[in-house]
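What follows is one chain in structure tokens, specifically the form predicted on its own.
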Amino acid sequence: MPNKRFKKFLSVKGFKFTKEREEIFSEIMLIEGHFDPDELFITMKTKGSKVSRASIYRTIPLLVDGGLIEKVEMTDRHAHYEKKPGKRHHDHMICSICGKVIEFYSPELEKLQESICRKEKFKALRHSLEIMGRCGDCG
């Protein structure tokens, strides 16, 4: 369960699993797709949460370090995130005009990356591929 994983990660790192962190984590687990910290803050405030924007910005890096969410860069110069548990690895095509994100998975690209790592005797822990360009709607 992701909640237990986050608790254990915080404990190992010497942090407490506070009520605010639990509330932030729970809200993120409800989100489908990508989100940014400000959207998360507004959503939580709309639901009556007392969580501060600062707590959200402090908790998100902990969730990234714990492998529970992943940072996805966007064109508007601030980071967006997505949750990782139970989600198959994928990469992103990002429209530099409208910001649309298209998720994709390519077994051929994955095999090529693995082959390059083997050739270089490199042990990959994780990777991220972002292709910036224009979506079909923006031409």
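The first residue of the sequence shown is number 1, and the count goes up from there. The model shown is predicted, which means the values in this text are computed figures rather than measured ones. Throughout, rigid core stands for the largest set of C-alpha atoms superposing within 1.5 Å between the two forms.
The form predicted together with a further copy of the same chain is left out here; the points below concern that form.
Exercise for the section: Tell me whether L10, L30 and L40, taken together, all sit within 4.5 Å of a further copy of the same chain in the predicted bound form, counting heavy atoms only. Expected result: No residue of the spot touches a further copy of the same chain in the predicted bound form.
Problem - R5, heavy atom within 4.5 angstroms of a further copy of the same chain in the predicted bound form - result: Because no heavy atom of R5 falls inside 4.5 Å of a further copy of the same chain in the predicted bound form, the answer is no.
Handout entry: is_contact(T18, a further copy of the same chain) in the predicted bound form, heavy atom dist at most 4.5 Å
Key = Taking the distances in the predicted bound form, the answer for T18 is no, it never comes within 4.5 Å of a further copy of the same chain.
Practice task
Using a 4.5 Å heavy atom cut-off, state whether M44 contacts a further copy of the same chain in the predicted bound form.
Solution key: Contact check for M44: no, nothing within 4.5 Å of a further copy of the same chain in the predicted bound form.
Practice task
Find out whether any non-hydrogen atom of S52 is located within 4.5 angstroms of a further copy of the same chain in the predicted bound form, and reply yes or no.
Solution key: The answer is no: S52 has no heavy atom within 4.5 Å of a further copy of the same chain.
Handout entry: Within 4.5 Å of a further copy of the same chain in the predicted bound form: residues from 110-139 (heavy atom criterion)
Key = Sequence-ordered list: L112, Q113, I116, C117, E120, K121, F122, K123, A124, L125, R126, H127, S128, L129, E130, I131, M132, G133, R134, C135, G136, G139.
Problem - K119 C-alpha shift between the shown form and the other one of 2 Å or more, rigid core reference - result: Yes, shifts by 2 Å or more.
Handout entry: Large Cα shift (2 Å or above) at K8 between the shown form and the other one, core-fitted
Key = No, its C-alpha moves less than 2 Å.
Handout entry: Rigid core superposed: S128 CA moves 2 Å or more between the shown form and the other one
Key = After core superposition, the displacement of the S128 C-alpha between the shown form and the other one reaches the 2 Å mark, so yes.
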